[in-house]
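Here you get one chain, nothing else, as structure tokens; it is the form predicted on its own.
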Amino acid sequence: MSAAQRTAVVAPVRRRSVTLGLSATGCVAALVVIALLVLAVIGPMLAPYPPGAIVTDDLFGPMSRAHLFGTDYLGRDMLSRILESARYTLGIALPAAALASLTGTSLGMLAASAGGLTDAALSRAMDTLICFPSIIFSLVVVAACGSSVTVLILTAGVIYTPGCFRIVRSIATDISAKDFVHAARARGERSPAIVLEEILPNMVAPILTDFGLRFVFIVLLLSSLSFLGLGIQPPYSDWGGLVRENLDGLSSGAPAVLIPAICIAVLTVSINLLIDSLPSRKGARRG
């Protein structure tokens, strides 16, 4: 056996990385986000008590074996309430972020590929929509149409569509000026094929990054609406609503008001850390 063969035998086999280029912080953030998503799906089945049941006379009770997160202002178990509210917090933010990303991406690609009057009309419409402060726009829509899951999803989706549109349009316009796009046009390919096969595949990473940011913005917007009493209505609630209804316990540092706020902070910080750890973002910083 030659020296090269012996080296090949004893050399360890290099394993493929399963972290997708994420740093240690990004991996931890990804695990936290996945855990929260799983809890949003199966959390109510793990709740030790019915979420709306009054289980004790100890209002704003401390953490204990019977109530790991204490009790709320009515004596309900906060762990059960947190698990149920995760379904509404994530269950509204995810489809709303998907709606904003899908609509903004579609309109941005249309504006970049069509150009001319279509581009100008869409851009001016999005500029007009983005001028309205998000919280004021939400308050007006919810006050006029009522607070329901459908209204909240549509409202949040519409509010954050212009931001996604502007990012996608800018990136698509830059990619459209590349040589490989001009070569595709010279081959006689039609605009839909160029968009789907040449431009869109080169925009996946920025679109996913923007989707994560929109998700964070929507979580904070929904929490703000719930804190103002215009989000999910009782007997149901999201994490922002839990903070609002237990606000009287803030002076005594009750877990009922602190734990939902911590959940919101953990979710938003984890997603921000995950986005910041994406390979495309790291490459952009190095560049």
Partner chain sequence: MADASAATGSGTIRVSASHSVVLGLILRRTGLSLLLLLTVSIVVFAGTELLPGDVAQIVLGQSATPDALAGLRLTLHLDQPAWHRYFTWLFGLLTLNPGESLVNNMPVADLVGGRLGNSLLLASLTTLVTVPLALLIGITAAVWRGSPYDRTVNLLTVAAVSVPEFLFATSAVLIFAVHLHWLPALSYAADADSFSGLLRSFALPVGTLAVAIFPQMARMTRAALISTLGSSYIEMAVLKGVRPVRLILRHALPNALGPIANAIALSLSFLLGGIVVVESVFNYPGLAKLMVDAVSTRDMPLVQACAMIFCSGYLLLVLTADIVAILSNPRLRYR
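Positions refer to the first chain, counted from 1. On a predicted model such as this, the values are computed, not experimentally measured, just so you know.
The following text describes the form predicted together with the partner chain, which does not appear among the structures shown.
Just one listed stretch, out of 59 to 67, 221 to 229, 46 to 54, 31 to 39, contacts the partner chain in the predicted complex at the 4.5 Å heavy atom level, and that stretch is 221 to 229.
For the chain shown alone, L22 is not a contact residue for the partner chain in the predicted complex, no non-hydrogen atom being within 4.5 angstroms.
The partner chain is not drawn, but in the predicted complex it has no heavy atom within 4.5 Å of E197. Taking non-hydrogen atoms only, T150 never approaches the partner chain to within 4.5 angstroms in the predicted complex. Residue contact with the partner chain in the predicted complex: C27 places no heavy atom within 4.5 Å of it. Between the partner chain and the residues A184, L110, L99, I130, the one pair within 4.5 Å by heavy atoms in the predicted complex involves I130. Comment: the partner chain is not present in this chain, but in the predicted complex one of V204, A121, A193, I136 has a heavy atom within 4.5 Å of it, namely I136. Residues from 221 to 254 that approach the partner chain in the predicted complex with a non-hydrogen atom closer than or equal to 4.5 Å are S223, S224, F227, L228, L230, G240, V243, L247, L250, S251, G253, in the order they occur in the chain.
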